[in-house]
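Structure 1 and structure 2, given next as structure tokens, are two forms of the same protein chain, each shown alone.
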Structure 1
């Protein structure tokens, strides 16, 4: 085992809006804080265009991410790149990409995984037409037909964004209760189909989506938002009373930027109170 390399007051795992807000709250109180991210700081924000349900002047995900990152770094938060693969107690240790590091408290803000499709070789279709991000991959399907799979408000949001690019957008929803409120947000350029996807087909890249009821939809892209499960692996099996807090989408709570930020702030304040008492 590599020696423990650095002692931190607080290690935040996941530098999305929840983790960065927790890191900021701790750094403001003079604590030494590191925020780890497996990909890049910003989390889901990086994939979002103009934000919905965001108060104040309209802004995009990348613009907000950049402002948040500048702000936390100015307050002394160190950003560490790479996946955290484990969390151990006695002493509290984060298994980071650059080696294990000890911390007096940890905030886990690892968000949710990408949407998942229950079809043969789903992973093999990633990057060959299967995507989870309208802003990133939508332009690849300009003037073509795409399918969107999901049943929440962000599915509708993504379908609308794609409607401005693709020739035709079909939302496939397994939910018998796809809310009428979502239908009202959609335009004539979007169809909603009740059903599930059975398989994907195409030579090299996606050409068609086969539904369980045997219908076939022509599509060059499929955007998947179902089964996006909270990434809780680091929290599993921790002893009761460990100085570890969770915040944001990883808690399985409401999926909004504002609630994730509020959650991060609460976690940051709880960490500060804990460390001031100990």
Structure 2
């Protein structure tokens, strides 16, 4: 390996499952790795309960993240707290909260933003019944009826989480091809409705969800996972050939933990190959 004069061999932006898996793959080859996260390591994992589809013994999101974080830190990965505001090239530089730092390669694993609902005044319902995290806000709706909007594996996971808390969960999916495998995962406490949400109603807080087919669902909460766009701002405008890789949800891949972990491993191996050849 050629001598380096940079601050880091690899800077990873985003310390969720994809980012930390990439960091681990690089660190185990002896590279100097820093992993940045705007708040705290974990990403979506820290908000998940039991991971029904994770291989091996049953575990929770926080437990899995704790094990992964311990592993990467024991391999020498440094965790940096604070938002990364930009990437610059020539030389490759990460503009982070504690100041700029150079790196030989960067992995961007910034995930997705929160889900978005295309209804009038959707933002005005935030904190009044509209949420994006079953573990965080589900207890507020214990024994009550809630609606979950989405059409993927992540939606099913959140619906299952809420089924253990709420009186009734209704999934509203616009997809005509909602996988039968997801139906089989859901319990008797979860209904699946094909359609879209037209509007929300309630005095002060949410009381009802109006569907486009004119049906009305009583609900004290609506959990939204549609239109969760990848956070690609750091990748936009980078020159072709820059030693920057993306991993996990930021790539637009399916929202699945195994997919994110595999993609982080792919990115980590690509970085190692690039640096060992340079």
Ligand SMILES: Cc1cc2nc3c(=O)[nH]c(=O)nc-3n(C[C@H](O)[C@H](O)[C@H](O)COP(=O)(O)OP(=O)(O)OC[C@H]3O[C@@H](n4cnc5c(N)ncnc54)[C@H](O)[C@@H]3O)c2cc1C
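Since the structure is predicted, the reported quantities are computational estimates derived from the model, not experimental observations. Positions refer to the first chain, counted from 1. In this text, the rigid core denotes the largest set of C-alpha atoms whose superposition between the two forms falls within 1.5 Å.
Engineer: I want to make sure I have the labels right. Is the form predicted in complex with the ligand structure 1, or is it structure 2?
Structural biologist: The chain shown first - structure 1 - is the form that fits the description.
Engineer: Checking residue 85 here: with the core superposed, does its CA move 2 Å or more between structures 1 and 2?
Structural biologist: After core superposition, the C-alpha of residue 85 moves less than 2 Å between structures 1 and 2.
Engineer: Align both forms on the core first, then report whether residue 127 has a C-alpha shift of 2 Å or more between structures 1 and 2.
Structural biologist: Shift at residue 127: 2 Å or more after core fit.
Engineer: Degrees only, no decimals: how far does the smaller rigid part twist against the larger one between structures 1 and 2?
Structural biologist: Domain rotation angle between structures 1 and 2: 17 degrees.
Engineer: By how many angstrom is the CA atom of residue 161 displaced between structures 1 and 2 after fitting on the core?
Structural biologist: Residue shift at the C-alpha: 2.4 Å.
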